[in-house]
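Next up: a single chain in structure tokens, the form predicted alone.
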Amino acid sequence: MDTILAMLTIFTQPELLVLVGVGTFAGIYIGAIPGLSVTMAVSILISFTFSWDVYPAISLMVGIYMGGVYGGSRTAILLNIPGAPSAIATAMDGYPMAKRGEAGQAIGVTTVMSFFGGLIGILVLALAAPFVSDFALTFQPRDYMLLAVLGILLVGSLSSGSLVKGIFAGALGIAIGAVGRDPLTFTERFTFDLQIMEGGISFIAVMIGMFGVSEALLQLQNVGMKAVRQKISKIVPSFGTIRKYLPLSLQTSSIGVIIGALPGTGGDIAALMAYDHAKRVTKNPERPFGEGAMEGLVAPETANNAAVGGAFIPMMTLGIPGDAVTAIMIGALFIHGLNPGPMLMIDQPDMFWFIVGALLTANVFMLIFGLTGIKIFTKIVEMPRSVIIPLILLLSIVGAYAVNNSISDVYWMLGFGVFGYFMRHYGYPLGPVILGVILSRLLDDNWRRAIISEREDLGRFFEGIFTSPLSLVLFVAVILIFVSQTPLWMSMKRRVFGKATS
């Protein structure tokens, strides 16, 4: 009974309900603007809310977090500019749908599936938090390294054409992510003695340039082309559509929760892994992936929203942040005299159940706000190209500058925009470059930690892999996924299945 009362606290105090609603609404539009990250918004909020009571402060932060993760899909679908890293996979099939005049349908599906994914993540947080957090604690540095390698092997899914081009693009992304000073030894890497490169290259600048500026340059070739009229009569997906994609959404939500519960990962990696999973399990999509496949929207959107609930699991049960936003929330709880971790569940269980209730409420607000205002949003795509191209460039410049208030990030963004344009022109995929940049730090840091923990002995390193069940499962998965993407395996598969069907 106390549990239910704690969850319903938000409904007994109208100001808390209003704060969650305002936070969710603001989060959706912050998430939709490239460069204005949820992490930045929540960190700014701490300075405004440190004098508040803990419940109002957490209500506002939870709303912004939930809304912001979903909001990144808006500009990803409409302009091919992911508002957040977790929306990169959404752009791959959402933008082709918008070009066909189906932006309303695409946003409707992403909204409902984001709600479903968020609901699954919150339910797992409420019912299985201790178990999932114990599982996440079993991950050693070598397991994180293998997880990063698994992620890099997603280049096969993100490369619609040549696998070789995909591998090249992924390797390029890893190299870009390694630019700057080594975090352990502080030696320079790929800086060429240039001071501007010592601090590394902003991932947001690379993402906005590759997707936003390159899209604007690509559209310059068709400035006179008439804009596609968007079909917005059917926004809310039918029950039949939801039922059709329910099995896939359950699978990808599970991926999102597990990845979200691993400290230092987050919704971006969860979304890309879910997208890869969808490509593997979907045998006959109505449209090919990368050309407007509905499965390409369902998978990443359920996963990145399920990862929100997942990220709260280690935060609430162990005091370990699941991602950057929950790291800031731990700081907020400390400011208010609370100590996140195992003792919080024992000493103040009401706080745990209040956060679960706030997440559920924010998820409902996300559904309501997400399904309203779509007609206004879709008008963006119907603008003449002479208007939309400057708009894309303006959003890109503002987004790149807003991250660090640095003009050098704008220069990097423009440079990678031009580079991305030529990559697209010659058939090189952009997704693997971004994936490489995202996973570069995770791979580098955990490889170093793993090999140092084994006293720089490769024999002991591989012995650890083969003697740990979790490491062995991940290692076998890496081998199987790598082999499954080779031309030899593809030809053998065609031969076997060809004989079976004849």
Partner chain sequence: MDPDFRGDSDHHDGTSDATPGGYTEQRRPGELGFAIFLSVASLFLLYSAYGISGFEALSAPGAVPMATTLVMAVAALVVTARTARFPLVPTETLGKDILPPLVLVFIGFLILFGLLLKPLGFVPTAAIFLVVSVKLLARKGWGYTFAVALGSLVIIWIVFRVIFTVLLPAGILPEAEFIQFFRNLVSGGAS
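Positions refer to the first chain, counted from 1. None of these values were measured; they are calculated from a predicted model.
There is another form of the same protein, the form predicted together with its partner chain; it is not shown, and what comes next is about it.
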* Asked: Can we say R243, Q251 and V483 each have a non-hydrogen atom within 4.5 Å of its partner chain in the predicted complex?
  -> no
* Asked: From the list V236, L172, L123, I368, which entry has a heavy atom within 4.5 Å of its partner chain in the predicted complex?
  -> L172
* Taking its partner chain in the predicted complex as the reference, which of L217, L147, A129, L360 has a non-hydrogen atom within 4.5 Å? -> L217
* Any chance H425 has a heavy atom within 4.5 Å of its partner chain in the predicted complex? -> yes
* To do: Answer with yes or no whether I30 is in contact with its partner chain in the predicted complex, where contact means some heavy atom within 4.5 Å.
  => yes
* Asked: in the predicted complex, does G108 have a heavy atom within 4.5 Å of its partner chain?
  -> no
* **Non-hydrogen atom contact V213 with its partner chain in the predicted complex at 4.5 angstroms** => yes
* Candidate stretches 299 to 307, 109 to 117, 176 to 184, 68 to 76, one within 4.5 Å of its partner chain in the predicted complex by heavy atom -> 176 to 184
* For 81 to 117: residues with a non-hydrogen atom within 4.5 angstroms of its partner chain in the predicted complex? -> M92, Y95, P96, K99
